[in-house]
Structures are given as C-alpha cells and as structure tokens.
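Just so you know, structure 1 and structure 2 below are the same protein chain in two forms, each on its own as structure tokens.
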Structure 1
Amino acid sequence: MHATFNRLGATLGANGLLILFVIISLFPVYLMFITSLKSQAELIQNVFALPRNPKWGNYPLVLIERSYYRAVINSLMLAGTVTIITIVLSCLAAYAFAVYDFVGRQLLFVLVLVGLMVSEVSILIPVYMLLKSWNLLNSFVGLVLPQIALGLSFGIFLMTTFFLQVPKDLVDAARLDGCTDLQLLMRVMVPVSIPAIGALAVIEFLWTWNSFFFPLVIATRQDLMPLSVAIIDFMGRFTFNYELVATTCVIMFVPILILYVLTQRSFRRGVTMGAVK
C-alpha cells in the first residue's frame, strides 16, 4: 500500500517535471511569436494570450520596407558557404586520418583536437588584424574565412570518428576493385557516411546561422550584416519597438525551426556523436 502510493507519487512528480520543462522550453519561443503580432498597447495589457488583432503587416514591414530580406540572404549565403567548405575540408582531412597510417598522424590529430578548445575570444584580435591587412573587413569573404576555422576542428573530429566506423573490409574491397584515393573517398566513404555528413551539415549551419561574435566585429556595414548582427543593430535603433524586434527574431528563427523539424535525427546524431567518443 505504502509502496504503491510512493510509486504513484513518483510517477506524478516525474510527469509534472517533464511537463514543466516542456512549458519552460516552449514559452519563450511562443512569446516571441505572439509578440511579433501584437501592438504596443496590447503588449503591456495582454502578456500571455494570443494577439487579438494579429498584425501580420509587421513581417512585410520588416522584411521589405526595412530591407531585412538582405540580412536573410546574407545569413543564408554565409551559413551555406561555411557549411559546404567545412564539410569538404573535414571529409578530406578525416579521410587521411581514418584510412591511412602515416608519420605524424597522432601529432596532427592532437593538433586538430587543440582547435576544439580554442575559442573565438582567443583569436579575435589577430584575426581582426589579419582581415584588416588583407582588406577583408566588411566583406563576405572576410565573414566566411574565420567562421570556418571555428567549426573545422569539430568537423574533422566528427568525420574521422565516422569514417573510422566504416568497416575496414569495405575500404579494402574498394581498393581491390581499383579505387584511387579520391574515388574511394567520393564513391565509397562519402556515400556511406551521408548520415554523418548530414549531421555535420545541420550543426554547422545552425552554428553559423546563430553566430554573433565574429560577424559583430567584421560586418559593420549594414548591407553585409547577417541576421544576428542585423537584429542587434535594429534593436539599437528601435529599442522600444518590441513587436518589430520580435518580428526580426521570428524571421531569424523560422528557417532554423524548419531545418530542425525536418532533420531531427541529424541534429541528434551530430550532437551526440561528438560526445560519445
């Protein structure tokens, strides 16, 4: 009797906790959506509920009249380019680490792992100076180049772990079938590793899309700003237009939300694969 009572209590407690965290997880996102559709007045009177008169007009206002479509394009281009280059470089390097035994393999791999611990803070100043001397501040290339460096070590690490899981026999069979290195990579390793590459792609895209630190320093010209910097810039000028700030936030979040919903498994794989060494 006592035991059943305890168990019932535990189940209720567990479910309660889970539901509480579902609410905590979703509420700010919900708040962001509804805020983007409310008027100033409604914002203060009616915090939690859905808007009475949704102001859908905020979206064309922000996107077109205030030219935020450009930041959307900038972000797409930035995240897309960074993701593609990171994947190419990671696959190439991971191939060497996973398939070959060569002099310096250990040392070079450790060197790559060191990159995992390096933060943007520790390289900001030299990177800024480098970009400045190459005239790349306030340029698309200048945004792309250092951003890749931040995720490259992770990408190499992730792809190496995955390539190492490709059965050795498969690699040997491909060699006997007559593959050159590049053919082995492109026609066997890469197709077999599509799930891992997908995982790396979504993670890298998310990171770059959400990245703020480097773009804040590098892109000070409005027409080059990705969404993250553009939103902060917008906020600086229209601090109290909460509904418009919320609109820019929603515009920034929706592509990620779509990506997240569509590629659940890849996200999960990408996040957990890095952890389970």
Structure 2
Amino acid sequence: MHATFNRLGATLGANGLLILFVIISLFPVYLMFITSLKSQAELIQNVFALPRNPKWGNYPLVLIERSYYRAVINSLMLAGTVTIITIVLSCLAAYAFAVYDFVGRQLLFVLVLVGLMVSEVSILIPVYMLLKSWNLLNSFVGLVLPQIALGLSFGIFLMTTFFLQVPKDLVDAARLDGCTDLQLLMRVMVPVSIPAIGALAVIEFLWTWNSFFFPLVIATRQDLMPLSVAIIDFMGRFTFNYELVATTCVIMFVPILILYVLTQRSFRRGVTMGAVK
C-alpha cells in the first residue's frame, strides 16, 4: 500500500513539475500573442490582461500595408536555400568521413568540430570584408554563403554520426553489387538516415530563419531583408511599437511551429538517435 502511494505521489509530482515547465515555456508565447492584438494605450494599461477589443487588423497592417509579405518571402527563400544546400554538402562530406579511411581523416574531422565553437559575432567583420571584396554585399548569394558556412560543421557532425551507424557489411554488399559512391550514398546511406536529415533540416531552417547579425550587416536593401531584420523598422530611437513588433514575432513563429508539427516524429527520432550514439 505504501509503495503504491509512493509511486502515485512520485508520478503526480513529476507530472506537476512538467506542467509547471510547460506553463513557464508557453507564457512568453501567450504574452506575445495577446500583445499583437492590443493597441498602444491598452498595452500600457495592463500588459498581462486579455485584449478587450482584439485588433486583428494588426496582421494585414504588417503584412500588406507595410509590405512585410516581401520579408516573409525573403526569409522563406533564404532559409529554404540554405537548408537544402547544407544538407547536400553535409551528406557528401559525412559520406567521406564515414566510408573512407584517408590520411588526416581524424584531424580534419576535429577541425570540423572546432567550427561548432565559432560564434556568428566573432567572424562578422572578416566575413563582411570578404564579401565586400567579392562584390557580394546586398545580394542573395552574399546572404546564403555565410549561413551555409555556419551550419556545415553541425551538419557534417550529425550526418557522420548517423552514417557510421550503417553496418559495414551493408556497404560492402553494395560495393560487390557494383554501386558507385553516388549510388551507395543515395540508395543506402541516405534512406537509412532520413530521421537525421529531417532533424538537420528543422534545425538548420530554424537557425537561418532567426538569423539576425549577418543579414543585418550584409543586406541594407529593403527588398532583400528577411523578416528577422525588417522587424527593426518598428524599433525607433525614441519610440517602440510593441504591438506591431509582437505581431511580426507571431508571424515569424507560425512557420516554425508548422514545420515542427509536420516533422516532429522524424525530428525526435533524429535527435534521440544522435544523442544515444
């Protein structure tokens, strides 16, 4: 009897703690959403209260009247392009690390891992000067290249971890059947690593979608700015339009939420398998 009560108490305590964490995690989302539906005066009166007259017009105001739909398209194009190219390059590099035993392999892989410790801010000025010398400032290519470079270290590390899990006998059998490297990669390695590719796609898309510093410095043209940079239009030196900033944040949040809902099973499998390895 005591053991049953102890188990019940432990379960209730654990569930209560998880519910508390969920509430704490969702509270900023709640605050952001209700702020996007308020007027400036109503927001000043009570930050936490529900809006008395929800201003759904803030969304068409931001997207259509302020032409932020262009920034949304720019963000989608940037994040989608970076994600696809990063996945392709990561799979190619990971295949070499997982299948071939070449001279300097371990050292080269360590150098790839060192890239995980490089922060975006620390290389901002050198990358800016490099892109300037290549005449790539204020260009889509100039926005894409730094994001790919930043994401490759993690992508190569993740995909190498999964490719190493492919049984050696399976690779040898494919070789005996006459598979080329490209066929071995596409028909053997990639199909068994779909969860990892899904996890990498979600993570890379999220990183690029939320990227701020490089797009801020590289793209000064309004027609090239992604949503993460265009939002600063509502942040003046003496004024701060909180409700329109919150509206833009909600617009930024929705695609990420949809992407995660659609790929959550693959994302969980990919992250968990990588952690176990």
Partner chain sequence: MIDARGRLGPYLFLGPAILYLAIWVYYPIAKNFYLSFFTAGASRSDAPQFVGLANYQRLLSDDLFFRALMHNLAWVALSIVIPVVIGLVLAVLLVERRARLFYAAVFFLPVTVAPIMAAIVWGWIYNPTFGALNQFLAVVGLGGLAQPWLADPATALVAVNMIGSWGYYGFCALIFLAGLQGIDPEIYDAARIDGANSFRRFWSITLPLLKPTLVFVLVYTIIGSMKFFDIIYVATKGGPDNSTQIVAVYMFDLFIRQGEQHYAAAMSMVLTAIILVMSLLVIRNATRRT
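Residue positions are counted from 1 along structure 1's sequence. Predicted, not measured: the structure shown is a model, and the values here were computed from it. For the two forms, the rigid core is made up of the largest set of C-alpha atoms that agree within 1.5 Å on superposition.
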**OP:** Have a look at both and say which one is the form predicted together with the partner chain.
**Re:** 1
Subject >> Asn46 C-alpha relocation of at least 2 Å between the two structures, rigid core basis >> reply: yes
Original post:
Hey, core superposed, how many Å does Leu17 shift at the CA between the two structures?
Top reply: 3.8
